[in-house]
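Only one chain comes next, encoded as structure tokens, the form predicted on its own.
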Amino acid sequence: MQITLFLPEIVLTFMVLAFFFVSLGKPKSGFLQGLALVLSAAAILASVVTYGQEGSLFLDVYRVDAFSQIFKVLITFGLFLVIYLAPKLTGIEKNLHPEFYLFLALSSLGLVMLSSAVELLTILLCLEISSYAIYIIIPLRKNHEHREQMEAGIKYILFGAAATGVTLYGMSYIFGLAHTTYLDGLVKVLPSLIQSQPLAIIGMIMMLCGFFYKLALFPMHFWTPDVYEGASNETTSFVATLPKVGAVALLIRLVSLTGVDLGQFTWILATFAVLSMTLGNLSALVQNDIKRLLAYSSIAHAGYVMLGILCVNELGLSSAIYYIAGYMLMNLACFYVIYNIAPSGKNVSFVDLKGLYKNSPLLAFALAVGAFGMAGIPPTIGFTGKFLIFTGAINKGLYALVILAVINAGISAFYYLKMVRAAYSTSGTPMAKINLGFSTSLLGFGLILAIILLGIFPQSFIELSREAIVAIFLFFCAFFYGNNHSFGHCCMAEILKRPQITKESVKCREWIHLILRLWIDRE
């Protein structure tokens, strides 16, 4: 086994073990956060260094390629930001700080492994590694007047257990029909089964429920508002971002297996996407607690991401990756504000935002940029992401879905701008000025610049996302044609529209249109 292929996972495993041994003593909070930042930065470095490598591990159940690597970079970078966001963990009991970082790293490890899993039981195992760690950290909140964190933890466990059971049952259906749990085996038989076997559609929908649950997509969204509200601000910032990145990675892999033809399966998922957008946005309109508002907002954004995945073409899938990366940054910008205006770890309402522009102009501007981004206002990454997803859907012919999505985006602007209006309104009662340290201010400026600059200059990230999607297509292509590297290079040239002159070009083009027509929509 090439050790470098597994390097990000090794670093995260070392991080888990390090905090396990640290938890046996009584370390100081400053040391804990410093150690967490160093190790999470090492995980980012490992992901970046190994980017571009390719190979299979553990009897071909684990695939390392451009697709898995881009998600590993996003997940490890998100982990670093979540740790950096909350230096003192004011919402967590002090004696539980080592355990909090331990389970944060363990959940991230499960998500990183999830992005490389290409076999159904391996996927389920990685999903549960990530989920069980979150089950534990949700109740880890300081005991306030009410114990909402216990209710949130119980609800997350019950809904998670139900989603896992449904997913496992769906996998049993798919295995019974296809007689394999490997994705490279499923890709050969699943498109025809979807067209001819109603049980295959039922099995696929049930199998995807576990990832709908992570993404907070209808109908597996009911847990979201109560868990967001009951968990600590630090825990919610993690639950609201990183698991959704991992869910998108697997949804892209699994939905791509079914082909690009618009059929019953596609329209069922399209219905889920529309209901998720509509329910999330309408429910967010009447919320007063900011975390509950962001919870319903996440349900709506899950619908936008699903719209991109449903395109199952190059633009749609690469836009989904770009959008979920932008959503992670925009959401963290909002939680950055929540954490700093609630030093005791309490929940924040619109009343707490009033006069924020006077007490801390940086926090008010960070909130405005994050809210503008999620509302899809240019020049933010949220606007560019929505534009690319809608363009991919139009190219696919999903005009009705695009119209409904645009209407929902207009509805969402109301409650996002309501947050900005509260932050820039005159406060009814005088509030103490919020003093941010250098490192905290640096994070705020970094999030603001990232949201704006990636919205203005998306080309580099879109190209990386495009190459990640190509890696999936080539993986399926190699299954049909064997290990012919010339064929693989011709496929790459055709997909990326790069000039390639070889004696096999004509033959390769014929095979591309014959074999890959189920996955690559070139219309």
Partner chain sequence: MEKYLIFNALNYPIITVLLVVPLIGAVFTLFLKKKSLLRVWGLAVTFLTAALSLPLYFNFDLTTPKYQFVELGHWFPSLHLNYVVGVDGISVLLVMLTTFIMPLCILCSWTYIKERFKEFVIVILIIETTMIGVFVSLNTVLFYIFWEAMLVPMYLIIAVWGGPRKDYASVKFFLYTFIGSIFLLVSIIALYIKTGTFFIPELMDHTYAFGYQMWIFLGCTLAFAIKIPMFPFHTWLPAAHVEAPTAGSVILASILLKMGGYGFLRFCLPIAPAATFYCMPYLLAFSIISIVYGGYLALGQSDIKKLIAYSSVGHMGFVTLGIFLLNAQGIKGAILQMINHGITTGALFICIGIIYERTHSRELKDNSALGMMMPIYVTFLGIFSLSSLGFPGTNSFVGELLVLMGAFSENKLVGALAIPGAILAAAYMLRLLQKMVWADSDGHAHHHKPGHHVLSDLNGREIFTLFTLAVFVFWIGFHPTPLLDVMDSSVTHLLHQLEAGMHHVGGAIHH
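Residue numbers count along the first chain shown, from 1. Owing to the predicted nature of the structure, the values given are computational and were not obtained by experimental measurement.
Quick note: we don't show the form predicted in complex with its partner chain, though the next part is all about it.
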Practice task
Run the contact test on Leu315, Leu388 and Phe414 with a 4.5 Å heavy atom cut-off to its partner chain in the predicted bound form and return yes or no.
Solution key: yes
Practice task
Report yes if any heavy atom of Ile456 sits within 4.5 Å of a heavy atom of its partner chain in the predicted bound form; otherwise report no.
Solution key: yes
Practice task
State yes or no: in the predicted bound form, is some non-hydrogen atom of Asn395 no more than 4.5 angstroms from a non-hydrogen atom of its partner chain?
Solution key: yes
Problem - Non-hydrogen atom contact Tyr135 with its partner chain in the predicted bound form at 4.5 angstroms - result: no
Problem - in the predicted bound form, Trp267 touching its partner chain (heavy atom, 4.5 Å) - result: no
Practice task
Sort through Tyr182, Phe383, Phe159, Phe77 and report the residue having a heavy atom within 4.5 Å of its partner chain in the predicted bound form.
Solution key: Phe383
Handout entry: Partner-contacting position among Arg292, Lys142, Lys155, Lys358 - heavy atom within 4.5 Å of its partner chain in the predicted bound form
Key = Lys358
Practice task
Quick one: find which of 395-403, 204-212, 230-238, 125-133 has residues within 4.5 Å of its partner chain in the predicted bound form by heavy atom distance.
Solution key: 395-403
Practice task
Could you run down 316-349 and flag each residue that has a heavy atom within 4.5 Å of its partner chain in the predicted bound form?
Solution key: none
